[in-house]
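Before any questions on binding or motion, here is one chain by itself as structure tokens, the form predicted alone.
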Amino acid sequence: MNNNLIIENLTMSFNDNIVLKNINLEIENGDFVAILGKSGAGKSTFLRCINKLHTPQSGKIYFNSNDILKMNGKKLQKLRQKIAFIFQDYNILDNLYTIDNVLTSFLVNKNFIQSLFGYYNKDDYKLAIKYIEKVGLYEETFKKCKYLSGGQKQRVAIAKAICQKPEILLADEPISNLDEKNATDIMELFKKLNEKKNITILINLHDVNIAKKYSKKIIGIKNGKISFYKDTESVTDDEIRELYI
């Protein structure tokens, strides 16, 4: 078993509401996968199960030959370094400077005292500034995030995630709150990370055209089940239409 992401018989429910039903997939290393479906189809829940932000009732998720769903504590923290999550609402702290938000990605590797007092070394700062520059925010390094635009905040979130040097990026509707220009900039950044860093990307999107433009493969989810999982160019308009009926 390699570092592909392998999902077997995944089922997730909240109380009596079954959100995901017997999901079976294999995501190949280096893929760029868009996930499409109506609101409530199970897209966000699916992503959150992958790095155990949600714990499903049954199934297995293998990465690097390990079942993610059996991990807890430090093992799970280390796993989340390799499988980073980018949220729709940015998940950054407005009262912190850009660099301080990005530096928090290093806390998982610190001991309790270092984490408590936010201790970072010179290498941490160098790496944080490197990735802040890569996402085009060098001039905002020492600006509080509450003064940044939505697009800039999402870039901070991406810099924070890639500082972890992940193998997989999970992104839950990361451009839904952005205007067209910022959305395009963010998608181009994801494309660059995928092509130049070989980072596997799974991204929930509401815009079918953007999904077709940037992804290599598309997963269609309807009512908690996989409707299709195939190369982007082979997805038909009828298949897309069926997702939203």
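So that there is no doubt, residue numbering starts at 1 and follows the sequence shown. Computed from a predicted structure; not experimentally measured.
Below, we refer to the form predicted in complex with a small molecule, which is not included among the displayed structures.
Participant: Since exactly one of K192, K60, H206, K212 fits, which has a heavy atom within 4.5 Å of the small molecule in the predicted complex?
Facilitator: For this set of options, the contacting one is H206.
Participant: Please identify the residue among S149, Q77, T104, Q88 with any heavy atom within 4.5 Å of the small molecule in the predicted complex.
Facilitator: Only one option qualifies, and that one is Q88.
Participant: Given that the small molecule is not shown alongside this chain, does I50 nevertheless sit within 4.5 Å of it in the predicted complex, heavy atom to heavy atom?
Facilitator: Answer no; every heavy atom of I50 is more than 4.5 Å from the small molecule in the predicted complex.
Participant: Is E173 close to the small molecule in the predicted complex, meaning a heavy atom pair under 4.5 Å apart or at it?
Facilitator: The answer is yes: E173 has a heavy atom within 4.5 Å of the small molecule.
Participant: My question is simply whether G42 lines the interface with the small molecule in the predicted complex - judged by any non-hydrogen atom within 4.5 Å.
Facilitator: Yes, contact at 4.5 Å.
Participant: L10: heavy atom within 4.5 Å of the small molecule in the predicted complex?
Facilitator: Result no; L10 lies far from the small molecule in the predicted complex.
Participant: Any idea which of 212-220, 32-40, 181-189, 61-69 reaches within 4.5 Å of the small molecule in the predicted complex, heavy atoms considered?
Facilitator: Stretch 32-40 is the one.
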